[in-house]
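Have a look below at one chain only, the form predicted alone, in structure tokens format.
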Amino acid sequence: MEKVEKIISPSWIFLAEEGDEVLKDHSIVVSGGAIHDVVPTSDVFQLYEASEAYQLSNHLILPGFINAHSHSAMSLLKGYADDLPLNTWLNDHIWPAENQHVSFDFVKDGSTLAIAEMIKGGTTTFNDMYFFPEATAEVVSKVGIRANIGLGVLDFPTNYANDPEDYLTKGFAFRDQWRDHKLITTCLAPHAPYTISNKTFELINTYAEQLDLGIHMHLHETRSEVEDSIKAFGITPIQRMQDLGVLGPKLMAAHCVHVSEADAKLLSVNGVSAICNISSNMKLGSGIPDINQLLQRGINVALGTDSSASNNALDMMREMRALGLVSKGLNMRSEFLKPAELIRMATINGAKALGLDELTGSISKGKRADMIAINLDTIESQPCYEPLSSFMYSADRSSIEYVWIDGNTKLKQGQLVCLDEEDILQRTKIWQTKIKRI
């Protein structure tokens, strides 16, 4: 009998590979932090002896969620400037507040708050874009969550750096320091076309090609962004990125709300991944992405939350449900975006966007054991005729009882085992007293 680390035996497993199939009464075997086997529960204890065994009746196991667009440290600005359009929100409130308060400690404490919330909501990997990346990396390493951390670039000075060269110098120093960490990868993260010059984009593109790095940026978030680009350059931001050579399979384009057919074609032929952030887009009044248009073009669509400052929750379950329901209504097709497809957007599609699909994003032998267990034996979720539907339309993030990252338990019976919630709350309240409305 082979000795392994864990045997997890739920009622249902959704692998997040192709199709809608849900395995019933199967067990996941974890060894060396990886998924070692998936076998019928009736056979598993004849084949394996585990240090830990989980009998999870009426639970659904999914791959951990991949939050493909986030600004984790901005959790300290949650609720700071609500109910404002993007430009007003950003220019008149968020950037001034950041200018006053952003520091290494701000990013470390904000990232800690965000990571605690994300783990409780089933996120096991996040794609981040913010200042002082080394502060976020310290928290990631301490907690043991998987992260792709962006090397942020802007054309104007901030508390972190003075100019594009300074941003890149500091970013590459961070990358060199953390490049061997098993849970941390990096990418280049120019903020957006409206904050980055052609010269800087050319520099970023050169580094991306030389170092084989992905690029993570905001793109076509608002109608005014597109209109302003046409006025300034005579072309849309996507067309401008095409001319600059930025479009490609390593580009993670956050938002993609206002996309013409011509622009969608450019995204498609270049293999760009579109990262949808529907709650943030709706809350800021930026619009609603046409997911049908993107899918018809064969574009890889992943999901993100954006920051808590524009969303107020790092809740991937809410993103899935909102996108599914709004898209059904807009397309007047009840069968559009079924639960299995939405789950793949929140898992394996995100892994593909981040270039991590060989490592995580689905429950498959050899992949790292990044998984979550959802309790469907609740008042909200019963009766449960079909587990994926019960998960998508009835459960919420309080139904997530277990989270495993790289085979390690991070949430057990709904309680964090890797962070002190009371300490996080106290630190957050201290920041709240420091941060005043502009």
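Here the structure is a predicted model, which means the values were calculated and not measured. Start at 1 and count along the sequence shown; that's the residue number.
Beyond what is shown, the protein has a form predicted in complex with a further copy of the same chain; the following relates to that form.
A.B. asks: Among 247-255, 135-143, 69-77, 360-368, which stretch has residues with heavy atoms no more than 4.5 Å from a further copy of the same chain in the predicted complex?
C.D. replies: That would be 69-77.
A.B. asks: Looking at a further copy of the same chain in the predicted complex, do all three of Pro85, Thr378 and Thr428 come within 4.5 Å of it through at least one heavy atom?
C.D. replies: Yes, each of Pro85, Thr378 and Thr428 comes within 4.5 Å of a further copy of the same chain in the predicted complex.
A.B. asks: Whether Leu211 contacts a further copy of the same chain in the predicted complex should be assessed with a 4.5 Å heavy atom distance threshold; does it?
C.D. replies: Looking in the predicted complex, residue contacts with a further copy of the same chain do not include Leu211, since no heavy atom lies within 4.5 Å.
A.B. asks: Applying a 4.5 Å heavy atom distance criterion, does Arg223 contact a further copy of the same chain in the predicted complex?
C.D. replies: Looking in the predicted complex, residue contacts with a further copy of the same chain include Arg223, since a heavy atom lies within 4.5 Å.
A.B. asks: According to a 4.5 angstroms non-hydrogen atom cut-off, is Lys108 in contact with a further copy of the same chain in the predicted complex?
C.D. replies: No - in the predicted complex, heavy atoms of Lys108 and a further copy of the same chain never come within 4.5 Å of each other.
A.B. asks: Tell me, yes or no, whether Leu330 is in contact with a further copy of the same chain in the predicted complex, where a contact means a heavy atom of each within 4.5 Å.
C.D. replies: Residue-level check for Leu330: yes, a contact with a further copy of the same chain.
A.B. asks: Looking at Lys338, Arg179, Lys199, Lys265, which has any heavy atom no more than 4.5 Å from a further copy of the same chain in the predicted complex?
C.D. replies: The option sitting close enough to the partner is Lys338.
A.B. asks: Select from the listed residues Leu325, Ala232, Ala173, Val269 the one whose heavy atoms reach within 4.5 Å of a further copy of the same chain in the predicted complex.
C.D. replies: The residue from Leu325, Ala232, Ala173, Val269 that makes the contact is Leu325.
A.B. asks: For a quick check, can you give me the residues of 262-294 that have a heavy atom within 4.5 Å of a further copy of the same chain in the predicted complex?
C.D. replies: Read in sequence order, the residues that approach a further copy of the same chain (within 4.5 Å, in the predicted complex) are Ser279, Met282, Lys283, Leu284, Gly285, Ser286, Gly287, Ile288.
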